[in-house]
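Just one chain follows, in the form predicted alone, and it is written as structure tokens.
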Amino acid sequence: MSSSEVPAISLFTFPPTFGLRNVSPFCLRVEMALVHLDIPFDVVLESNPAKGPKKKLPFIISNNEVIDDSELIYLHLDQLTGGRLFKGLSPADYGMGCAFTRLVDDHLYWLVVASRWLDDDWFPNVYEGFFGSFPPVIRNLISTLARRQMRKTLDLQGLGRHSLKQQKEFARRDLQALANVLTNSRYIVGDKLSVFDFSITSMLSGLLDNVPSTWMTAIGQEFPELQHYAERIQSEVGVYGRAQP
């Protein structure tokens, strides 16, 4: 199926905040995949993730079908384009790509969340960015409840039970693992751009381009090879995580 035969898609994503075009790396990677595949789509800004079918973003509407979760959207786009999204990946490349995606999604991502939500000095940015449009009394209540729930989520995930020093050490080890691969390679797997570069780059952009900086931003800046990689992939795709002037 050519791109001209693929039905237009609506991508539901967060509005700009924290210097980012949207705060979710999962939304950004889907946008990168759509652009890479040359699929027509429009962006629908949605600040309330509870409106998603599983109470999270992103989700897409494709030919009247609602698909949520970036991984499931990847699979849908691959099927829609006759296998173009994962084309050229060897079984080993696919396995490595999945492993690195799990690292950033299920571990590094929660450290990024902790650097925003659990840091008392940084939380006012969350307060304004996520809850600033609410009336003051409601804003205070909702933000307090949301932060309490986020603490609980991070505690259940496990990373929230560690000290800040330990969280930073976890982050460095995650980023070092990525840097070990990308020091001598242009791409996370294989020798050409792949869907797994979208997953890794979207997470790196979220922590590197965050404004104002978090402690995760500072740690990310310790790895220039990751900064160069993220910038190169965004340039190659033509989709950037940071807000454009």
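Small disclaimer: the values here were computed from a predicted structure and weren't measured. Throughout, we count residues from 1 along the sequence that is shown.
Omitted from view is the form predicted in complex with a small molecule, to which the following refers.
J.: Can you work out whether the small molecule is within 4.5 angstroms of a heavy atom in all three of Asp78, Gly95 and Phe196 in the model of the complex?
T.: Not a single residue of the candidate spot has a heavy atom within 4.5 Å of the small molecule in the model of the complex.
J.: Please pick, from Leu57, Leu34, Ile60, Leu208, the one residue with any non-hydrogen atom lying within 4.5 angstroms of the small molecule in the model of the complex.
T.: Of Leu57, Leu34, Ile60, Leu208, the residue with a heavy atom within 4.5 Å of the small molecule in the model of the complex is Leu57.
J.: Report whether the minimum heavy atom distance between Tyr109 and the small molecule in the model of the complex is within 4.5 Å.
T.: It does: once the small molecule is placed as it appears in the model of the complex, Tyr109 has a heavy atom within 4.5 Å of it.
J.: Spell out, yes or no, whether the shortest heavy atom distance between Asp121 and the small molecule in the model of the complex is within 4.5 Å.
T.: No - in the model of the complex, heavy atoms of Asp121 and the small molecule never come within 4.5 Å of each other.
J.: May I ask you to state whether Pro49 is within 4.5 Å of the small molecule in the model of the complex, using heavy atom distances?
T.: Pro49: yes, in contact with the small molecule in the model of the complex.
J.: Is there a heavy atom of Ser24 no more than 4.5 Å from a heavy atom of the small molecule in the model of the complex?
T.: Taking the distances in the model of the complex, the answer for Ser24 is yes, it comes within 4.5 Å of the small molecule.
J.: Any idea which of 174 to 182, 213 to 221, 65 to 73, 36 to 44 reaches within 4.5 Å of the small molecule in the model of the complex, heavy atoms considered?
T.: Only one stretch passes the 4.5 Å heavy-atom test: 65 to 73.
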